[in-house]
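Shown here is one chain on its own, the form predicted alone, set out as structure tokens.
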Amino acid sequence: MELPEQVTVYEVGPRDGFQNLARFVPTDSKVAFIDALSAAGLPAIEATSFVSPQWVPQLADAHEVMQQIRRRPGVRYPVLVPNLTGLERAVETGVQEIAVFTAASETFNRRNINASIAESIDRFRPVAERAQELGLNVRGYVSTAFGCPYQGNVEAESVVSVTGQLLELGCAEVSIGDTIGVADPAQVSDVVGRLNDSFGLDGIALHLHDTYGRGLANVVAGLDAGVRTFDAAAGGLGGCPYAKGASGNLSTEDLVAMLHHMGIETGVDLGALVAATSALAASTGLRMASRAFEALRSRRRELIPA
């Protein structure tokens, strides 16, 4: 395997991690967490979502969070937006980057947003156009790219098709999501290979879940196939809503620890990352699913708050 010298870690904990929690995390805890992640060297931190509070009450304080965080030079703070209303709310807080989302599964899209894939793309078209007029970067998400909780198998051709449509809308990057954590390394290699054949991989990221413990193995498959940007959530925040009791997002600590052990740079201070997650756990009582977090916190207990 020809390993890269550097990989970009895209942190999704403050958005994707918090939005799946059963309870609301206080605004000051969210702000302190994002600030600590910034100080730890994460280059991109998806800070919140401007989805209607009616649908995602855990992120009802999106405006306050974006106003209170300390934005470090060189760090990206993208936010998720579902429509033009969400975009305009986000713009009021001075965002520089947004993300939009759809799925590779028709059934998943209809169950979750009551629209077909084509209809969801049409909804994002004015959002992408307005964002580009404002000079904002746009990221796209393709969820259920490796399996759907409703229809099961998802064809790789559908992933390629949806990715192409998002790139045509002007997305600078498209994140390919294993929403329910069912992907295996062979499947990751296949899907990424098809994407590479169609578009190249400069604008492709992987968003992997660790529901069945295959997250890091799938990262290695992604690295081998040429992916250089991986999404992760500090502490492994965010359960999988379609597999009750299962872990969800790939842990940032697990990802960074493995990459560093392989000699791949991330720009992330792993000790500071563990301290950021530990402080969040202490202030909120949240339990973290990350194995590397627990191992490193135990080894550094004299330096990191319990």
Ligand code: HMG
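Numbers for residues come from their place in the sequence shown, where the first is 1. Quick caveat: nothing in here was measured; it's all calculated off a predicted structure.
The same protein also has a form predicted together with the named molecule, omitted here; what follows describes it.
Judged by heavy atoms within 4.5 Å of the named molecule in the predicted complex, the contact stretch among the candidates 212 to 220, 175 to 183, 126 to 134, 152 to 160 is 175 to 183. Taken together, 50, 112 and 141 are fully in contact with the named molecule in the predicted complex: each brings a heavy atom within 4.5 Å. Proximity of residue 89 to the named molecule in the predicted complex: non-hydrogen atoms within 4.5 Å are present. Contact check for residue 82: a non-hydrogen atom falls within 4.5 Å of the named molecule in the predicted complex. Using a 4.5 Å cutoff between non-hydrogen atoms, residue 56 counts as a contact of the named molecule in the predicted complex.
In the predicted complex, at least one heavy atom of residue 101 sits within 4.5 Å of the named molecule.
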